[in-house]
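Heads up, the chain below is alone and in the form predicted on its own; it's given as structure tokens.
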């Protein structure tokens, strides 16, 4: 039997880390409902999953919209028989200081990055309780601990994810629901590509990634699959005593003071 055989998971975000986690869980035997707003990414994931005969469905969903999230949870419960795992990986990464960031972009970032977690918990936890418990993973970031300049909204949202994770873990421990967060460093994703274009316009992405990789003690940036392995551990029975924690997948980035 595969490690996640009989488990049902919802994973938000169908690019980068979200895609890798959905793929990892489905490969481990889980029935996965992935949801995202990127139409092209959604379609690609559906086609790839079908080619590998994985139990992985994809739903178009804006996680900041309550009705859409409620529908996704209902679909997972109705079609797969319940809900055991939630992974909140959908996120926006606006750039700018508080002066440069307008209210619309600030609010949109908070709605997707933070309220999306609230909504999937709000509608999903009652379904998990029916199954006797489960596990939730919230994707945070090293920028929730120590950030760079010009990412005020994103850093604030990821700090909120850390706090919300702790609150959810305390509130639902008695329901046998474990809640943890993962804080990646620089990971090779479309989001990191956009960051490279913002902070180093005109410089080849490979060169930017190499420079950023050198800031990590292991000497490189990470892969989505490496984050997915941490997620797989945290939702497994091997992590049965882990809740309310934040787990770094950052190549040692936060272990030092940034001095080469």
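Numbering follows the first chain given and starts at 1. Since this is a predicted model, take the numbers as computed values, not measurements.
This protein has a second form, the form predicted in complex with a small molecule, left out of what is shown; the following refers to that one.
Problem set entry | Contact test, all of 36, 91 and 141, partner the small molecule in the model of the complex, heavy atom 4.5 Å | Per the other structure, all of 36, 91 and 141 touch the small molecule.
Problem set entry | Partner proximity in the model of the complex: residue 101 to the small molecule, non-hydrogen atom cutoff 4.5 Å | Output for residue 101 is no: heavy atoms all beyond 4.5 Å of the small molecule.
Exercise. Taking the shortest heavy atom distance, is residue 181 within 4.5 Å of the small molecule in the model of the complex?
Worked result: The answer is no: residue 181 has no heavy atom within 4.5 Å of the small molecule.
Problem set entry | Contact flag, residue 56 vs the small molecule in the model of the complex, heavy atom cut 4.5 Å | Output for residue 56 is no: heavy atoms all beyond 4.5 Å of the small molecule.
Exercise. At the 4.5 Å heavy atom threshold, is residue 134 in contact with the small molecule in the model of the complex?
Worked result: Answer no; every heavy atom of residue 134 is more than 4.5 Å from the small molecule in the model of the complex.
Exercise. Just one stretch in 58-66, 43-51, 196-204, 26-34 has heavy atoms within 4.5 Å of the small molecule in the model of the complex, so which one is it?
Worked result: After filtering at 4.5 Å, what remains is 58-66.
Problem set entry | Contact assignment for the small molecule in the model of the complex, among 190, 150, 126, 81, heavy atom within 4.5 Å | If I apply the 4.5 Å criterion carefully, the residue I get is 190.
Problem set entry | Of 108, 130, 75, 122, the one that lies within 4.5 Å of the small molecule in the model of the complex (heavy atoms) | Selected residue: 108.
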